[in-house]
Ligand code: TRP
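The data below hold one chain only, encoded as structure tokens and taken in the form predicted alone.
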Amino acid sequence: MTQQRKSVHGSWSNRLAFVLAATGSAVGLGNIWKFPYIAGENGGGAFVLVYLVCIGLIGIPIMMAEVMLGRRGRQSPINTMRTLAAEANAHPAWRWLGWAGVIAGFLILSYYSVIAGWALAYVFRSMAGVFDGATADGVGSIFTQLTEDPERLLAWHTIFMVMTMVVVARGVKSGLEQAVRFLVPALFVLLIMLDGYAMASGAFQQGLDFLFTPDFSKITANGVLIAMGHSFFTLSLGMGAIMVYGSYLPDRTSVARTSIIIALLDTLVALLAGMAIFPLVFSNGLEPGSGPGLIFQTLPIAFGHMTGGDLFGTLFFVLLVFAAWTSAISLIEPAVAWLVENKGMTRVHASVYAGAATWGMGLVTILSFSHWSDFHPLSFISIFEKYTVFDLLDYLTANIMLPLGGLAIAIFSAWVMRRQDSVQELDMGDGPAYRLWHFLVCYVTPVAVVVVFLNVTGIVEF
């Protein structure tokens, strides 16, 4: 019974603390960097509508399942899955689901911290007015100089990892909880300020129309699959973060209600980011579908040609850093929790070991942008012939490990875990709400995740 298990790491003070922490984990570069550009590439409003449907049918059910597993196990994802497999009389190999989440979080953070370092660097560049009057070639040159200089990238990567480990080393209440109580509200305040600034850009209505007026002629089968995939990845599912945060959740807190609130807040951040970015793009005659460079190579042009651009450009990149920071602490927490539980380490020592290993792995990403930029280790496979080591890490985690992790979570919670246990943990009774969740996790979400997985891995193309 879950009431007999207590986490050795402590617990959140209340539901609000968990909501802020899980929202911080879900809200990251994907919401502010990735969502606007994939919406721009896939027709705007129609894509957003499909994305919202996918959040409801895929994201929320799997989030409920992952939080439920975490709270019932009350340990790191590895030990949680070992315990729950034994409880369900299932094969002990299910513990590898926990290992997959911990490893995925470790690998993601190793390159995520390098990208977050770009945002840190841009805070100071924007503050110094580097983008004032800059041309597209000028901004492109600034970006290239940063990414191709391994010493600069190493410095920013190191600073960001130190920021992350200082928070994690302080523990659940003194570290994670105190950080998210400041960072998540600050993130929303910054977004609202940027939206207010976008309202005065002269193209706010055009941005809203692009984002919220569906034109279904612009949506494609591939666009639907991208929306489906992003709805899954944006909630930090399948990487152990939500499971370990769920292990710190108080017993009487509703898993269903908190999961829905977190998904809604995460989606709200993505929409607010779009409302801030697209008016600036349109008012400066830029291209909304300019791809991954939208944030680091397109928006600085806009900030460099608008009144108050230095200030609001700085605020925007501070927002990016805050979003990355809240996600980073959740990505490393599963590994830290396991080291404390299994190796008898203190939080400080576990944080140092996990942080040092992640920092070291990040060197691979740094070199992939400079000295190893022409190194393509799997060039003998056509789909990977131009992939650097960084590209392969990104592909392995986002396109293989996370969807398989989410699929395994759905299968375990719906088909392996005893029905009475999931009814007890979700605390909805065995009524219509529970049956809807059970149907979605049993049938809808596994099929959707398999379809996304087959498509993004190139096994089946749509």
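As the structure is a computational prediction, the values presented were derived from the model and not from experiment. Sequential numbering from 1, following the sequence displayed. C-alpha atoms forming the largest set that superposes within 1.5 Å between two forms make up the rigid core.
The same protein has a further form, the form predicted in complex with the ligand, not shown here; the description that follows concerns it.
Contact check for Phe233: a heavy atom falls within 4.5 Å of the ligand in the model of the complex.
Heavy atoms of Tyr112 reach within 4.5 Å of the ligand in the model of the complex, making it an interface residue.
Contact between Val281 and the ligand in the model of the complex is not found at the 4.5 Å heavy atom cutoff. Mapping the unseen interface onto this chain, Ser413 falls outside it, with no heavy atom inside 4.5 Å of the ligand in the model of the complex. Note on the interface: of 404 to 412, 422 to 430, 25 to 33, 53 to 61, the segment with non-hydrogen atoms within 4.5 angstroms of the ligand in the model of the complex is 25 to 33. For the residues Val336, Ile262, Leu331, Val180, the 4.5 Å heavy atom test against the ligand in the model of the complex is passed only by Leu331. Though the ligand is absent from this view, in the model of the complex it lies within 4.5 Å of a heavy atom of just one residue from Ser126, Thr164, Ser327, Ser76, which is Ser327.
Superposition of the core reveals a Cα shift of less than 2 Å for Arg74 between this form and the one not shown.
Taking the rigid core as fixed, one finds a CA shift for Ala270 of 2 Å or more between this form and the one not shown. The Cα position of Gly229 differs by 2 Å or more between this form and the one not shown after fitting on the rigid core.
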